[in-house]
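Just one chain is shown here, as structure tokens, and it is the form predicted alone.
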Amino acid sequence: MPTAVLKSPPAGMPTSIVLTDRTRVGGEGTVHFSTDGKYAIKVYHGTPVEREKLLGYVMTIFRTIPRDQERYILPPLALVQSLNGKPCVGFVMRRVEDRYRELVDFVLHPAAAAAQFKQGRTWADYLKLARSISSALVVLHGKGCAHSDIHFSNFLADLRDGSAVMLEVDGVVVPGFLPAQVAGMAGFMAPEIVHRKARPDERTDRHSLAVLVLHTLLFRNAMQPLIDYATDPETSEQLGWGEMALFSEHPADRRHRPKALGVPLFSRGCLSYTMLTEELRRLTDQAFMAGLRVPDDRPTSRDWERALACAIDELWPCTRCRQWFPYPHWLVPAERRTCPFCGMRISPPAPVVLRLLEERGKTGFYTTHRRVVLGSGFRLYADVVDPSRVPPPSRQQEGHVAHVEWDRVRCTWRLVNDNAGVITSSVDGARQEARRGSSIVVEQGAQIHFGPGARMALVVQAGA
């Protein structure tokens, strides 16, 4: 079997690795896989000495990253000296389990998502995927790097747990230090790269990330040109993605608007970004309108990561198609609130909707962008009331402080204290208190306190 010899491997890594006969050939090189399933080795075509020097820089950058961030990227771990006795240029990286597939297989178009829905997956799984993608960029950008080639074929994903891993980390960009190896993929590149041939950097990454996040959530490219700008197809494409780039749901310009926008997905419709949470809609506007021509105004990867993490607390299940989607509490009257997948009207009672507030020194509480939607049996997790936290990638080990129950006799929601010290609620001078095991009535406009130092919740909807 083929064997790769490593050059000065770090402690804990073997000096040579036995490889299987399985390979994956790409434009830059060939990827081999170790027989023990632990490693993958990328060997570049030819012997580009300058590439080996760049790899050394990349390894230095990612030599120490927090353990919880290792899951999102595949940085070079060591250089390859030879393959089957022949000198070569390459590197070894951690191997991703076979359960991962290219992200493009899940998000290319609605039919790809529909196939997953038939297997029991839901839109909530795609929300987790989008978060993982953002987290990968947080790792890179936190190290002062840019990726320059963000698209749905450079991520491996497992939809079952919503995890994603970024590929091609060996080609990261550091302005003035590590040059870009590629400009990016058509459809994901920032307009200034297409139009003005600008160099990829962290700001162009922000545009690509926004496109990929929306593609993952809506199963379409939200910047797709839908008209011709020139008789020559190539020129038309360059104009559509570059100089004439336009958000498909721009409120004042409908040139690129899909015909079936807003029609339920399962009726061959097209998901609109208006189905997203308030914070995700705000970031989309910031990325594709305010920041489309002003790169500094684009949301950061951390902005997306936080908004996607918190969006999990606004999901609601459809009683007909069983899909989960952000509960559209902002639509009035309530009869307008329907499932974006099958069109089913959301039946009463309406869920509890909380707006979270945080303490600011001695000046009281201030409003955050976070909302929490609670229905019968829904849990209020500890990370929701802790002002230092956002929802973790998985809540399997996360404790909860309370849950909500529907009181059929009084036709009201009740918040049951499961693990908090004392929960208090006040509205119009009336006060309620719930110790462990007891509950309070959830009333519109009530302020709910979970104890010293915790977030406060304002009840903006209490059923109808």
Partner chain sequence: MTDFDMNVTMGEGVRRLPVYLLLDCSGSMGGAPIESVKRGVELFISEVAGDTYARQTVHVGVITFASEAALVTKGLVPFDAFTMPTLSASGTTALGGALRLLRQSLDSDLRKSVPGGEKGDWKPLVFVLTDGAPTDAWQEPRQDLLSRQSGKVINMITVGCGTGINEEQIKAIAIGPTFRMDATESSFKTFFQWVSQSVKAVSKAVSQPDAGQAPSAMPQPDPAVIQYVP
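Residue numbers count along the first chain shown, from 1. This one's a predicted model, so the numbers in the text were calculated from it and none came from an experiment.
Quick note: we don't show the form predicted in complex with the partner chain, though the next part is all about it.
S.K.: Is W316 close enough to the partner chain in the predicted bound form to count, meaning some heavy atom within 4.5 Å?
M.R.: So W316 does not count as contacting the partner chain.
S.K.: Residue-level question: is A146 within 4.5 Å of the partner chain in the predicted bound form, judged on heavy atoms?
M.R.: Heavy-atom contact with the partner chain at 4.5 Å: absent for A146.
S.K.: Though only this chain appears here, would Q238 touch the partner chain in the predicted bound form if you measure heavy atom gaps against 4.5 Å?
M.R.: Yes - in the predicted bound form, heavy atoms of Q238 and the partner chain come within 4.5 Å of each other.
S.K.: Taking any heavy atom pair closer than or equal to 4.5 Å as contact, tell me whether L178 reaches the partner chain in the predicted bound form.
M.R.: Result no; L178 lies far from the partner chain in the predicted bound form.
S.K.: So which of 292 to 300, 328 to 336, 184 to 192, 164 to 172 is the stretch with heavy atoms within 4.5 Å of the partner chain in the predicted bound form?
M.R.: It is 184 to 192 that comes within 4.5 Å of the partner.
S.K.: Do heavy atoms from each of M1, L54 and K86 fall within 4.5 Å of the partner chain in the predicted bound form?
M.R.: None of them does, since no heavy atom lies within 4.5 Å of the partner.
S.K.: If the cut-off is 4.5 angstroms on heavy atoms, which of these, P251, G120, G377, G361, is the one near the partner chain in the predicted bound form?
M.R.: When the partner chain is considered in the predicted bound form, the option within 4.5 Å is G120.
S.K.: What is the one choice in D386, E243, E97, D228 with a heavy atom within 4.5 Å of the partner chain in the predicted bound form?
M.R.: It is D228.
S.K.: Which residues within 317 to 356 place at least one heavy atom within 4.5 Å of the partner chain in the predicted bound form?
M.R.: Read in sequence order, the residues that approach the partner chain (within 4.5 Å, in the predicted bound form) are R320, C321, R322, Q323, C342.
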